[in-house]
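The data below hold one chain only, encoded as structure tokens and taken in the form predicted alone.
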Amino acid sequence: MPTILGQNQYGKAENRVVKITRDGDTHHIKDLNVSVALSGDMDDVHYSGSNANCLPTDTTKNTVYAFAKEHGIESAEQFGIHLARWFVNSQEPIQRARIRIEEYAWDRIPTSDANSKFIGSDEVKHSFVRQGQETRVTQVTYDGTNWEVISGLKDLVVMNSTNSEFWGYVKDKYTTLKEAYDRILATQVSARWRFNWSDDEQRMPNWEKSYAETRKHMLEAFAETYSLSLQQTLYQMGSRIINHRSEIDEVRFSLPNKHHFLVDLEPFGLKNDNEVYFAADRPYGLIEATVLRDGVDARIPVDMTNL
């Protein structure tokens, strides 16, 4: 039975590009997931395998990152317009370009009045929390006499666009990672904390206030720590909670390191001065640890942060 080619398109999907714009000490983030689909005179590549009219999908990926540097990202719409116009006008076989963009919004991490010395400084202006993904969780266990309450959160995505380093680590013949003295530090926080309230004779914590305050101290510690490792930041987050919330004895964290790699723009004659990053989703470093009040034994199960 004879066949003919119908509607078709090709391109590079889900190009994660993070653009950091530095306005003095204040940083601005545009975090996009860009998918490019091109169509036009593509019959031959399907019928005979001739690539004469085919712009490589790798080139479309490179264009996304190069345009983030050359044009900036004023808005998702404007960025998409720049890309679509370029692909159609620069390549004769391409007659239609479809650019789909997801934008991930970030809020600045605030500090409390008690830490007002940080307001207006680098410590606030480069620290962000992702909007709209956090989930609050709790587990309550009762045996007729004693209570155990473990609460927490998951999918709280945070980022410091500077004030993070990673160097001085062990190197062997398989090590290729370059030392970093100014990098993005980002993670998706999964945390559980155990309350020391265990029976009805004790004063019950104010659960709503406790959650809000614990989250606040966690974020402040992330924002205010000049980080030499994600492990160091984790410990500061847990310590801040234990030191400020007397009702909590134990905090367990699971922190995937959401790697952001500088894109090599030199092949396009562009300098990437810590501006344009590729946001990788896997593989990722996974940092896990428990922070305890001194004299208290750990009781939160290791796998509970996966719930």
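Quick note: we count residues from 1 along the sequence shown, nothing fancier. Rigid core (definition): largest C-alpha set, two forms, superposition within 1.5 Å. This is a predicted model, so every value here is computed, not measured.
One more form of this protein should be noted, the form predicted in complex with another copy of the chain, which is absent from this view; the next part is about it.
**Q** Applying a 4.5 Å heavy atom distance criterion, does Asp172 contact another copy of the chain in the model of the complex?
**A** Yes, contact at 4.5 Å.
**Q** Verify the contact flag for Arg192: yes if a non-hydrogen atom of it lies within 4.5 Å of a non-hydrogen atom of another copy of the chain in the model of the complex, no if not.
**A** Output for Arg192 is no: heavy atoms all beyond 4.5 Å of another copy of the chain.
**Q** Mark Gly144 yes when one of its heavy atoms lies within 4.5 Å of a heavy atom of another copy of the chain in the model of the complex, and no otherwise.
**A** No, Gly144 sits far enough from another copy of the chain in the model of the complex that none of its heavy atoms falls within 4.5 Å.
**Q** Is there a heavy atom of Asp281 no more than 4.5 Å from a heavy atom of another copy of the chain in the model of the complex?
**A** Asp281: contacts another copy of the chain in the model of the complex.
**Q** Quick check on this chain: which one of Arg136, Arg100, Arg85, Lys209 has a heavy atom within 4.5 Å of another copy of the chain in the model of the complex?
**A** When another copy of the chain is considered in the model of the complex, the option within 4.5 Å is Arg100.
**Q** Let me know which residues along 239 to 262 have a heavy atom within 4.5 Å of another copy of the chain in the model of the complex, or say none if there are none.
**A** Sequence-ordered list: Ser239, Arg240, Ile242, Asn243, Arg252, His259, His260.
**Q** Does superposing the core leave Pro256 with a CA shift of 2 Å or more between the shown form and the other one?
**A** After core superposition, the displacement of the Pro256 C-alpha between the shown form and the other one stays below 2 Å, so no.
**Q** Superposing on the rigid core, is the CA of Asp297 displaced by 2 Å or more between the shown form and the other one?
**A** No; that C-alpha moves by less than 2 Å between the shown form and the other one.
**Q** Looking in the model of the complex, are the Cα atoms of Gly72 and Leu177 closer together or farther apart than here, the change being 3 Å or more?
**A** Relative to the displayed form, Gly72 and Leu177 move farther apart in the model of the complex - a change of at least 3 Å between their C-alphas.
**Q** Have a look at Glu102 and Ala279: in the model of the complex, are their Cα atoms closer together or farther apart than in this form, given the change is 3 Å or more?
**A** Relative to the displayed form, Glu102 and Ala279 move farther apart in the model of the complex - a change of at least 3 Å between their C-alphas.
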